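Single chain ahead, written as structure tokens, the form predicted on its own.
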Amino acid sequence: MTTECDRIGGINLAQGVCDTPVPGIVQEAAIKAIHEGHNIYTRCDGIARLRQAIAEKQLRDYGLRYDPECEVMVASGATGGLHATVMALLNPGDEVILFEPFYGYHAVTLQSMRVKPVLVALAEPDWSLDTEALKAAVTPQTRAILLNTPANPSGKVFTLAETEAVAQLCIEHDLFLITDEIYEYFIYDGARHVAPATLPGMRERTIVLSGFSKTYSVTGWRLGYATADARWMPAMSHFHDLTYVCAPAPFQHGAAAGLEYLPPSFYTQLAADHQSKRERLLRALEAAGMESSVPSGAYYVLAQATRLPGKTGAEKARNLLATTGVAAVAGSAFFRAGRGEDLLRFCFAKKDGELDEACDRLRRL
């Protein structure tokens, strides 16, 4: 959809590119690092400055203590962290439980390494967790649960009770918990992000994945991280080295500066700004006759597209683009075959002017 949107010069609410401004501190520190010669390989798990800053951030935000020397890995995006985690800790034939709707990269990364994603559907309209369905999904081949909270594409923020149920199952069956927490600061309406590694018995079995792409609007920098127990990190770093060598060196200095110098108000304002963007998009979709679930986190909206022409979600998305010049993603990209065909996902992490123009076009629909 991004390719087609670019071809016609449309407004891209399809891909989560997050083209809002980069914080000046982050941008200037990366440029300075280039000029100062920080352009060669780093250690495979990242520069000491950034590993230390990540460890301090995890302690500050969640009370989680990680040794920056052996329990923190700077990765080539959260996606690179997931890839290294799967290569290090899982084998072909293993099963990993995912929650549906799911982020496509999660499922396909597992499949690419012959690991089987097992889907547990969340219940509409609020995407609540059916704990009995989760328990029923565990088999002798289950090795891990992958939890994305706040979630792409639904915007679901797993509650404390739901997270505790996931954690309990991991402990009972001796499973890894792989968490994608890339949207941890995008939280709305008083919701709270529960870091699963903080729950009793979970730090040693939780692989935390996050990064800077969304928070600092640097999706093209490909800069993420993983924090995990020292038992797992050597293998994870080894496979990250084999695949990526290291994350981009000067960008690591930019991210470190952001963690070191941006005040807490930056993160609260980030959430407030995106909640405002969310409200504008929700009103426009309502005016367009596209009922939407209200996301508690992340920066996507799943909207009903039953009134749009087309038999499939892909056809509906292309028809919407042709009619309005606004690109969205077919909901079927986030569900098993046969589901999600009447849904479209819209991203609202856009510059205000571009988002407002997209909303005007949707209202005219």
Ligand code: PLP
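Treat the numbers as computed from the prediction; the structure is a model and nothing was measured. We number the residues from 1 along the sequence you see.
There is also a form predicted together with pyridoxal-5'-phosphate (PLP); it is not shown, and the following applies to it.
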_pyridoxal-5'-phosphate (PLP) in the predicted bound form: contacting segment from 184 to 192, 165 to 173, 109 to 117, 74 to 82, heavy atom within 4.5 Å_ = 74 to 82
_Among the candidates 143, 277, 222, 205, the residue which, in the predicted bound form, approaches pyridoxal-5'-phosphate (PLP) to within 4.5 Å (heavy atoms)_ = 222
*Answer option from 216, 99, 103, 158, heavy atom within 4.5 Å of pyridoxal-5'-phosphate (PLP) in the predicted bound form*: 103
*Identify whether pyridoxal-5'-phosphate (PLP) in the predicted bound form is within 4.5 Å of every residue in the set 152, 180 and 300, based on non-hydrogen atoms.*
yes
*Give a yes/no on whether residue 148 approaches pyridoxal-5'-phosphate (PLP) to within 4.5 Å in the predicted bound form, heavy atoms considered.*
yes
